[in-house]
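In structure tokens, one chain follows: the form predicted alone.
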């Protein structure tokens, strides 16, 4: 939601954003680019590929992502257990972004997931790949072709902290496994983050879908628990760039329809309003900021009111 929307309205709509916008996202297509970087040793390769494989399998089975919108890149396609679409090279990544930019529609969701080892600082921060590494500056250029989509960019590699500032922009949620480029030890973030997105464990509001913010909070908590269990000092501090957008971008199965006919009518009315929100987001660039904010505020208030009415009907309605 735009920062120009009054703070009081933004706070009053927080519940509506958390509960209502996920179903609007159902009308949007999801596209995924997932890459396992250079491992350096067999144990890391298994770990990296397991994270990517789990994410890719769920994208197909749970989120119904079309194969043409799914790019799964492995360190080496020989001997891998992944259903890889190519190697995780800089060239393959660039081609994946280019191919996706020709398929996406305004308002679609693009999830980019990287796991591996990282190094460098600022825009020169990089993910280690077979051959030339891909830098934050490279990804910034590739993301330019996705300006009208909601992009969730997750760099779960070590030393990934500077990607947040390097890739920050409108309609983007940037998640990094570390707070700075100096946190270069092996990271634990990838596995719990993928588990959060692909299971019901992180579904805090029990709506059948997991928001990026829910997945982030779950993974961060799990990482801290693992370090504590191992009696080790926490050496990675995950970050997220836009908690408002991260709350509204969700992944998961559609929610079941309510059994109460009154609730069903309210759900239908809310769905129409959510469709209007999604359509409005696609028109943002052609509107003045004041007009966009006013209309967004009006719609979100109505969505929140419908959600409260549904919840008030009791257990027969699932918001």
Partner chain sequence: MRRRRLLALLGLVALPACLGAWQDADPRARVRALVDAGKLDDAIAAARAAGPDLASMLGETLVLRGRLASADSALQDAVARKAPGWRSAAVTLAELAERRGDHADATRRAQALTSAYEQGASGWSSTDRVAAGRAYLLQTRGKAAAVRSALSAFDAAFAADPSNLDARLRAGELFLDKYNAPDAKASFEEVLRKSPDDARALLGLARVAIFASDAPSMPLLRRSLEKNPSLVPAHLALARLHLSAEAYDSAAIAVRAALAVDSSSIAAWSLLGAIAWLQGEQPQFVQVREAVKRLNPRPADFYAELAEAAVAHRRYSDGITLAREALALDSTSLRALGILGNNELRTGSMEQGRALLERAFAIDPFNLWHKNTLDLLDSLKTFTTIETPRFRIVAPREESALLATYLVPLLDEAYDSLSARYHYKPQGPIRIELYPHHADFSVRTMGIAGLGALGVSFGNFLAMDAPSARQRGEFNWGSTAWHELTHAFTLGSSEHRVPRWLSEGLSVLEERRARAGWGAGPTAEFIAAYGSHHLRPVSQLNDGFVRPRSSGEVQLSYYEASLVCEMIEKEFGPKAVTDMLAAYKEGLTSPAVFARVLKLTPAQLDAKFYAWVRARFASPLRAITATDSGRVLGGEFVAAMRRGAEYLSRKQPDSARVALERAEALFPEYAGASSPAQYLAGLAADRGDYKEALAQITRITTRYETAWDANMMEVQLREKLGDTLGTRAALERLLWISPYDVELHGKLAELATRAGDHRTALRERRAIVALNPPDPIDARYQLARALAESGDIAAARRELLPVLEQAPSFEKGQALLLELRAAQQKSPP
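Keep in mind that this is a model prediction, so the values were computed, not measured. Numbering follows the first chain given and starts at 1.
Here the subject shifts to the form predicted together with the partner chain, a form of this protein not shown in this document.
You can rule out all but one of 202-210, 140-148, 240-248, 179-187: in the predicted bound form, only 202-210 has residues with a heavy atom within 4.5 Å of the partner chain. 229 is the sole member of 234, 98, 105, 229 with a non-hydrogen atom lying within 4.5 angstroms of the partner chain in the predicted bound form.
At a distance of at most 4.5 angstroms from the partner chain in the predicted bound form, none of the three residues 191, 269 and 283 contributes a non-hydrogen atom. Though the partner is left out of this view, residue 162 does not reach within 4.5 Å of the partner chain in the predicted bound form, counting heavy atoms only.
Among residues of the shown chain, residue 225 is one whose heavy atoms approach the partner chain to within 4.5 Å in the predicted bound form. Shown alone here, residue 293 lies within 4.5 Å of the partner chain in the predicted bound form, counting heavy atoms only. Though the partner is left out of this view, residue 216 does not reach within 4.5 Å of the partner chain in the predicted bound form, counting heavy atoms only. In comparison with the shown form, the Cα-Cα distance of residue 296 and residue 204 decreases by at least 3 angstroms in the predicted bound form. Relative to this form, residue 146 and residue 291 separate from one another in the predicted bound form, with their C-alpha atoms ending up at least 3 Å farther apart.
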